[in-house]
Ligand code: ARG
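As a starting point, one isolated chain is supplied in structure tokens, in the form predicted alone.
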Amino acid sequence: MSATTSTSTPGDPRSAIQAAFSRAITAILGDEFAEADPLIRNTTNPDHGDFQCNAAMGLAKRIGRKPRDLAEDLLQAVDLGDLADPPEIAGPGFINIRLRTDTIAAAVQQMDAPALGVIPSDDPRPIVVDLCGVNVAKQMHVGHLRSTIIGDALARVLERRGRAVVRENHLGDWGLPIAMVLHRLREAGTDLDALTLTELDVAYREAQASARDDAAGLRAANERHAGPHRIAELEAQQSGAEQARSAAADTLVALQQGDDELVRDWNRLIDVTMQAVYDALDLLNVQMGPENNRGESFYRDHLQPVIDHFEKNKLCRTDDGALVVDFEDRERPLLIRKRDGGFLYATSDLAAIHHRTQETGADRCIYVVDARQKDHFRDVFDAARIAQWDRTNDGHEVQLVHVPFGSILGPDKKPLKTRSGTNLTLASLLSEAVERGTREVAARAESPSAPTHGLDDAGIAAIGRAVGIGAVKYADLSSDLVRDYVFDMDRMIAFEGDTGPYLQYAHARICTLLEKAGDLDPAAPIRLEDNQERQLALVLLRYPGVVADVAASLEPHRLCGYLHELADTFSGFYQACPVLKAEDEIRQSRLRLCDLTRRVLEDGLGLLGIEAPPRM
């Protein structure tokens, strides 16, 4: 594809420049350099052009030539067509490139369409995104926030690229812990029809405590000849724990065998848990519902076939009665069945991979799970490859990807908790965010000049919710995912700086501007006579490439950084280029730039799952 052809396609001109210089490098140095990076960068000084090719220095060193001589050869070989003015060499071998203004304007006009230049993929295979991962009978805590909103953002970006995405909540709804809760509630005669999540959460903790023995403590007490009261206390605890586990095991067996009453009560536990989850998802503007739940109970009949496959194909070995999978590059094996015949999380995860790749046909399985599970997923993915489940049934290679994320920390740089030291629930965190957002919006609405002045309480509350939730989501998504970050509501909720409210406010300001103008002509030609207009156009043209980049890298902070840069660039444009008072042709051109900026901000925020209110 020639550079001239590429300019007829909406998108980032940098991509066309990069492709042209890649062809030039290959033409000069041969096919072995076909993958060399042309190192196309933005110039730091607009007087030197728009972009710079920095490849000559590194390539010249590899082949033993002078960088400036190689840069001269690149100039002779590169064909930029009508994309740019003739490039120039600067310094030891930098190549400066200035785009033609009419080419930029034409590209922006082509981008100004419903798709905003984003080219959809034609791959029909689905992508599975494993997110949320809540456990039945437990309240969502702040740790679920990151998995949920990161996974939702990635799913939205992939869908924006035209891929079919299957969101899956790998619900912890099966096994001994759930049976323990069921037994405790039934033994206490609890009315499950009136059960609340708070009561269920308490029952879960009490069930765990009742089954917790202290065999080591009892041995130590006997060895040290502790007093009879202490020994009796530990013996009672040991006996009680054994009885609790035995009763829970019996309950689980009955549940596995389909006891009608137990199954009904089990479903009630799921309903109580998930209603609170759906409330949180709705508040977070996350696209998930009951159809996205595929819990451990779904895979319970898939676990033994996993073991059978590994045994039949001699992919595992017996180790002291347990089954393990070995890896060539590490001493640590993967345990897939316990000595007593019980299954593990690894078994369930392998069953899920088999289902997702062999039955669903996904060619990309993305697991949004905290970084502490890094080794687990490395082992599970490698075991799946050993089982040859890393290809779809039609032979297409499957990408198994763990997207790790760090922890949310409090001001003390420790995991975020309440003042009493207990885990902070997600519901309480979101409630605070909405309250703070509403307070900020209400304070601004008091000014007679504010677009929100005179709005009723419901209107203020709706915007406040969007601002508060947007602040939390943007703060989370704008950082490098694997890093821990400090939760600072004061910083997050600010209308200035690198925050969600700043981007929402930039969008709302443009909405107000366009409403005042009232005469936008979507067919008016775009003219880029001022340097600030030109810079805004160049940033706008990068949007399709940023969306494609995030879909490939699975790093939403890149989109956040782009949107912040776009808002800042628009602010510079607005300060330097009058819009409403400009002459008609210039006015219409600038209104189109304003409207395109508004739509890109709205679309980009939407990919992050953040609302873009038209008034703030």
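Each residue number is its position in the shown sequence, starting from 1. Nothing here was measured: the structure is a model prediction, and the numbers come from that model.
Just so it is clear, the following notes concern the form predicted together with ligand ARG, a form of the same protein that is not shown.
- Per the 4.5 Å heavy atom criterion, ligand ARG in the predicted bound form is contacted by stretch 133 to 141, the sole one of 182 to 190, 133 to 141, 94 to 102, 474 to 482.
- Checking 150, 463, 111, 369 against ligand ARG in the predicted bound form, a heavy atom within 4.5 Å turns up for just one residue: 369.
- Scanning 177, 172, 406, 126 against ligand ARG in the predicted bound form with a 4.5 Å heavy atom cut-off leaves one residue, 172.
- Shown alone here, residue 349 lies within 4.5 Å of ligand ARG in the predicted bound form, counting heavy atoms only.
- Contact check for residue 505: no non-hydrogen atom falls within 4.5 Å of ligand ARG in the predicted bound form.
- Taking non-hydrogen atoms only, residue 377 approaches ligand ARG to within 4.5 angstroms in the predicted bound form.
- Ligand ARG in the predicted bound form is approached by residue 373, whose closest heavy atom lies within 4.5 angstroms of it.
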